[in-house]
Ligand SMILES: Cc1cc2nc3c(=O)[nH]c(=O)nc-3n(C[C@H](O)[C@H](O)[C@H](O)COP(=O)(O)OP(=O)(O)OC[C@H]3O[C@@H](n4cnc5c(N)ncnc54)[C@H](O)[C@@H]3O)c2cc1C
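What follows is one chain in structure tokens, specifically the form predicted on its own.
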């Protein structure tokens, strides 16, 4: 009897790991993806949609078209996991038994946890939010734009800095930068969670007249007065407010007794197994690992999860472990981009922004649908690295 593998979530991690397991095990496994919408969304594109550089239709594909033919797809929400009996309860009353389960359930946006945020702020962490922000920017004709972060951790840590720098360029192209003020309100003592990246982007912000407000942890928004307040007692007035919403793990994970603080899945950093359930794996935004919540993380975790499940099914020694590898692009505007590559042991040493990395990111965005979800994983290297091989 083939092993039953159920993958919860059809994002980059869930889609990729399902295809890799099916490819590796063939008839030895029956793989099923459970996703509430059946649509795969390319979340890094939200940034471009908000700035009017991408069409929302380009950012979503039918999940069925991305999965291998033999991978099953259930378009329905999972309501609970019974990890003692080994089955997933579905929202409409059915159930799916499993031998191995992968939690690729992503993160949940909870803007309602910040009083006034839903009424007074925009965001670009959902497609609907990005399109609403695009329209707000089209109507914006000058004033004070505040970009802030309403909770840590959050997906794609470079995104707020990228948005700030690209917004500066967007307003310059429209000819309204001189009558606009841009402030990035950071909860830390620097612009970005990674210190080496902050040292690179802060001088760029200063050159472009972008203000940086540090130790500004968003507490509430007064939509009527157009004022955002911080836990530290600071207040900032705004004409347009853009906040990264607070993030939490999925309620289903907590309801199943599988979550830790914040609803994140307690995950072994090397094996990616649940710390209390060896037949359950977690990946991507769903985990509590001290690493970026991003598609890139899931992209590098998926081969490890697939390899380990294949080893368990075949009774062989596991060959692969996750070392925390992540690679993220950071666009700075002006057709230039840098890259952040790091792992658990090695912090990033970002190169100076260049057109080379900008082209690499441009290519990645366009190749995404034909590569990453289907297990064809592109590698990008600098000119120096290419010449050394």
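Numbering follows the first chain given and starts at 1. Computed from a predicted model, the values in this text were never measured in an experiment.
As for the form predicted together with the named molecule, it is not shown, yet the points below apply to it.
With the named molecule left out of view, choose which of 36, 323, 334, 56 has a non-hydrogen atom within 4.5 angstroms of it in the predicted bound form.
If I apply the 4.5 Å criterion carefully, the residue I get is 36.
Could you spot which one of 267, 230, 294, 180 gets a heavy atom to within 4.5 Å of the named molecule in the predicted bound form?
Here the answer is residue option 294.
Given the named molecule in the predicted bound form, answer whether the residues 86, 256 and 314 all have a heavy atom inside 4.5 Å of it.
Heavy-atom distance to the named molecule in the predicted bound form: none of the three under 4.5 Å.
Choose one stretch from 144-152, 187-195, 296-304, 271-279: the one whose residues place a heavy atom within 4.5 angstroms of the named molecule in the predicted bound form.
One stretch meets the cut-off, namely 296-304.
Though only this chain appears here, would residue 43 touch the named molecule in the predicted bound form if you measure heavy atom gaps against 4.5 Å?
Yes, residue 43 lies within 4.5 Å of the named molecule in the predicted bound form.
With a 4.5 Å heavy atom cut-off, would you call residue 21 a contact of the named molecule in the predicted bound form?
Although the named molecule is absent here, residue 21 would stay clear of it in the predicted bound form, with no heavy atoms inside 4.5 Å.
Whether residue 78 contacts the named molecule in the predicted bound form should be assessed with a 4.5 Å heavy atom distance threshold; does it?
Heavy-atom contact with the named molecule at 4.5 Å: present for residue 78.
Please determine whether residue 373 contacts the named molecule in the predicted bound form, using a 4.5 Å cut-off between heavy atoms.
Although the named molecule is absent here, residue 373 would stay clear of it in the predicted bound form, with no heavy atoms inside 4.5 Å.
With the named molecule taken in the predicted bound form, which residues across 252-275 come within 4.5 angstroms through any non-hydrogen atom?
Residue within 4.5 Å: 252, and no other.
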